[in-house]
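What follows is a single chain, given as structure tokens, in the form predicted alone.
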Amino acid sequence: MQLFEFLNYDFMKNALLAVLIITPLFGMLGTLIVNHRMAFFSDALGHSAFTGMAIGVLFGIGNTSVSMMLFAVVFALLLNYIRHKNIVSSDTVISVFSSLSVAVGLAILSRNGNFSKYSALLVGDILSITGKEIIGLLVILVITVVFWCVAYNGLHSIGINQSLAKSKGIPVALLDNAFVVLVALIVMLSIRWVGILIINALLILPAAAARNIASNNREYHLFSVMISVFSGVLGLIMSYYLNVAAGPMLVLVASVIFFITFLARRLFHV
């Protein structure tokens, strides 16, 4: 059995290209999501995909990705607004909205027993990605890198102390909302290939693993991207030879790396 036998197939080449684009995105965004304590937030965004798709079905939108992205942007901005209000625990509010969006989406999509048509969204199918869709992901990667270069310092300051960031003249609300909109768009664009059930894990695990072993901020971001890309490539290759879904295998590899780095931190005080 040849190690690179999978490259004989065009669908595997496309999947590999997609992984090499998606995983750096997850690695970059994941560090900020972890720093801003937004794990519940990104999970709720993933679950909102059901409602976005359901809205597209109700209004007869041919490409439901459009309705998913539009709903995700509105949903993200609403959640972000509520997250900054100190009425009740933000985690509680986000959990309530997440549960509501899932229930509404499932109720609409499951009418007349039609949910089986949409069940593939749960685990994703990166092997079905096309060349045009890869180009779309590449455009998003470029946009994300530009946004990262322009807005990172401001977002990092916001994550540390919002009041201090405001006192330095940083447009806190603008940057914060721009960030959640970008996360929403990337989550919705990636969900078809990664899956609703596991997309949040791919956003959080590489960053969490990197945090275990990084000694400074630069290492933190570099390790997060490296772990994300490594998990993606190895997970895809293993999924081919083990004949299992790619998305869950990516998460399993990332989970193993997290536990290894966690143990390394405990044993060697990294």
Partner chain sequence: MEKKVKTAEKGARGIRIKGRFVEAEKPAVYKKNAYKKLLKSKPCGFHRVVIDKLNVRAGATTILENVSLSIACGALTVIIGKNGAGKSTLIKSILGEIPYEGLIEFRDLKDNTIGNLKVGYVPQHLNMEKNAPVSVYDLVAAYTSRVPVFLHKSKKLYEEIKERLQVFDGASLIDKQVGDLSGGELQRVLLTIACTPVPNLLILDEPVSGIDRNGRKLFYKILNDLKQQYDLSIILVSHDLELTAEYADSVVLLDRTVLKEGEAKEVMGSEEFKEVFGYAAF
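Positions refer to the first chain, counted from 1. Please read these numbers as outputs of a predicted model, since none were measured by experiment.
Below, we refer to the form predicted in complex with its partner chain, which is not included among the displayed structures.
For the marked spot (13, 99 and 128), a heavy atom within 4.5 Å of its partner chain in the predicted complex is absent from each of the three residues. For the chain shown alone, residue 81 is not a contact residue for its partner chain in the predicted complex, no non-hydrogen atom being within 4.5 angstroms. Its partner chain is not shown here, but in the predicted complex it comes within 4.5 Å of a heavy atom of residue 220.
By the criterion of a heavy atom within 4.5 Å, residue 47 is excluded from the residues contacting its partner chain in the predicted complex. Although the partner is absent from this view, residue 161 contacts its partner chain in the predicted complex, with a non-hydrogen atom inside 4.5 angstroms. Contact with its partner chain in the predicted complex, judged by any heavy atom within 4.5 Å, is made by just one of 153, 92, 110, 177: 153. The stretch among 67 to 75, 193 to 201, 153 to 161, 131 to 139 whose residues place heavy atoms within 4.5 Å of its partner chain in the predicted complex is 153 to 161. Residues are counted as partner-facing when one of their heavy atoms sits within 4.5 Å of its partner chain in the predicted complex; in 199 to 218 these are 211, 212, 214, 215, 216, 217, 218, in sequence order.
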